[in-house]
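As structure tokens, one chain now follows by itself in the form predicted alone.
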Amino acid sequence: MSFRKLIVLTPAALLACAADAPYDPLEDYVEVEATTVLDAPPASPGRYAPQYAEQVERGEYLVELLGCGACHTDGALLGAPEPGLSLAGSRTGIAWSNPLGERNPGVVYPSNITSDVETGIGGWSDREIANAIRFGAGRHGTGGIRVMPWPGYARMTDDDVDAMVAYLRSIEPVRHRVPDNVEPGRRATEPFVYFGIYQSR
């Protein structure tokens, strides 16, 4: 014979349970539909020599194909890319540590990859830009940006990476500063989204 245990809760006990309710990780979030495909901004003929036109065109194709604008364009992560800020970085960040497990995850704000010297990659060398594409490396070699799919880009040919660098150099600079990245545990003051695949236990 089996027995079922019954638990009777008084109103006071119910209030106590409500006060101790577990953290709801989705309480602070709303669902958005990110923009995944964006046209790359046109190259400016005055920014490259005519003999590099084919290389620049190839770079534009690759930047568009790889979806660089989906992260590096302000508003795209929220489904509303801002005109004039294509590839100029995002004020909406991407969480890289799990917001479902911690209230204040680490957040990366996609950088300005136009040739603006002050807020973009205009002061970077070709090698520094290539290393950022291939290895997710920061300008000074700091490694592996967690939210960038650089492990796939690491397999690109030298010619393809060089074409992307040539194209990024050929687009007009856009002055647009993005927020600083946020370490886990600190509260982000700017909005962010999160991506991830979580396996059931």
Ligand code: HEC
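Worth saying up front: this structure is predicted, and the values here are computed from it rather than measured. Numbering starts at 1 and runs along the sequence shown.
The same protein also has a form predicted together with heme C, omitted here; what follows describes it.
Think of it this way: in the model of the complex, heme C has a heavy atom of just one of Ala40, Ile171, Ala166, Met148 within 4.5 Å, and the residue is Met148. The closest heavy atom approach of Leu66 to heme C in the model of the complex falls within 4.5 Å. Using a 4.5 angstroms threshold between heavy atoms, Ala76 stays clear of heme C in the model of the complex. Although the partner is absent here, Ala88 sits far enough away that none of its heavy atoms falls within 4.5 Å of heme C in the model of the complex.
Mapping the unseen interface onto this chain, Ile133 counts among the residues with a heavy atom inside 4.5 Å of heme C in the model of the complex.
Within 4.5 angstroms of heme C in the model of the complex, the stretch 109-132 places a non-hydrogen atom from each of Tyr109, Pro110, Ser111, Ile113, Ile121, Trp124, Ile129, Ala132, taken in sequence order.
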